[in-house]
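Okay, here we've got a single chain as structure tokens, the form predicted on its own, with questions on binding and movement later.
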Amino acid sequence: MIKKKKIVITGGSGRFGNIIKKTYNKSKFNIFFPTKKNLNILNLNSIKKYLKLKKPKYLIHLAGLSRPMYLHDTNIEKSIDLNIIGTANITKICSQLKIKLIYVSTSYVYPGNKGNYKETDPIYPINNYALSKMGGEASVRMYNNSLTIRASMTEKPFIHNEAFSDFVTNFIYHEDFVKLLFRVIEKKGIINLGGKSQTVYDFARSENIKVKKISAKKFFGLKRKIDIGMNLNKLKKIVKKL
């Protein structure tokens, strides 16, 4: 009998976590989705106690604050606690217990002025949300046995009636992201993970021709088009080899 690989996923009760619960390969992985009561990312003892009990080979860190994005401006304390300090705490314990850490960051860490960003390109977050995720990256990348995934994903179907026509990204649906996530889990360093580079409007319109165009410039307080499109060549090479 082949022994299943144990994985702990923080933030498993969120939107993306629930997709993983529905779609992961139960014959290959034994995945645990601790609640905040069982594993509190702001409490080092809580993290260590749970991970010592489960003894996972991997930890996929999803827990944190994402939307609504205005919270990262109006409540920076919460943003710092959950996305920076919480991630640093997870990194500390994974390092102590020698657990492989996979951190899901965001493509928003890229400057957004040219697109086609490679993993080695300089980062310059365009808002507080991205700054908080960059703060999380800083601790994770200090730990050699880790993988940082700069992601661009969204719910299916696209939940908004309006979409940015001047904002380029690599949106991919959660369900498709999960399939790729488990194919790169053994890798280390940084990987861009998403779909085709295109405007949010073009992505949304592919399934809903009634979606309306809106501008991202005012929303992000910028005077230019925003292009945080990622270069996915590294991802393509990895997936092709698997």
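Heads up: residue numbers just count along the shown sequence, starting at 1. Remember, predicted model here, so these are calculated numbers, not experimental data.
Here the subject shifts to the form predicted together with a small molecule, a form of this protein not shown in this document.
A.B. asks: Quick one: of 109, 93, 104, 84, which gets a non-hydrogen atom within 4.5 angstroms of the small molecule in the predicted complex?
C.D. replies: It is 104.
A.B. asks: In the predicted complex, does each residue in the set 12, 36 and 63 place a non-hydrogen atom within 4.5 angstroms of the small molecule?
C.D. replies: Every residue of the candidate spot has a heavy atom within 4.5 Å of the small molecule in the predicted complex.
A.B. asks: Given a 4.5 Å cut-off on heavy atoms, tell me which of 93 to 101, 150 to 158, 109 to 117, 137 to 145 is the interface stretch with the small molecule in the predicted complex.
C.D. replies: Stretch 150 to 158 is the one.
A.B. asks: At the 4.5 Å heavy atom threshold, is residue 67 in contact with the small molecule in the predicted complex?
C.D. replies: Residue 67: contacts the small molecule in the predicted complex.
A.B. asks: Can you work out whether residue 192 and the small molecule are in contact in the predicted complex, taking contact to mean some heavy atom pair no more than 4.5 Å apart?
C.D. replies: No, residue 192 sits far enough from the small molecule in the predicted complex that none of its heavy atoms falls within 4.5 Å.
A.B. asks: Contact with the small molecule in the predicted complex for residue 220, defined as at least one heavy atom pair within 4.5 Å: yes or no?
C.D. replies: No, residue 220 stays farther than 4.5 Å from the small molecule in the predicted complex.
A.B. asks: Answer yes if any heavy atom of residue 41 is within 4.5 Å of a heavy atom of the small molecule in the predicted complex; otherwise answer no.
C.D. replies: Flag for residue 41 set to yes.
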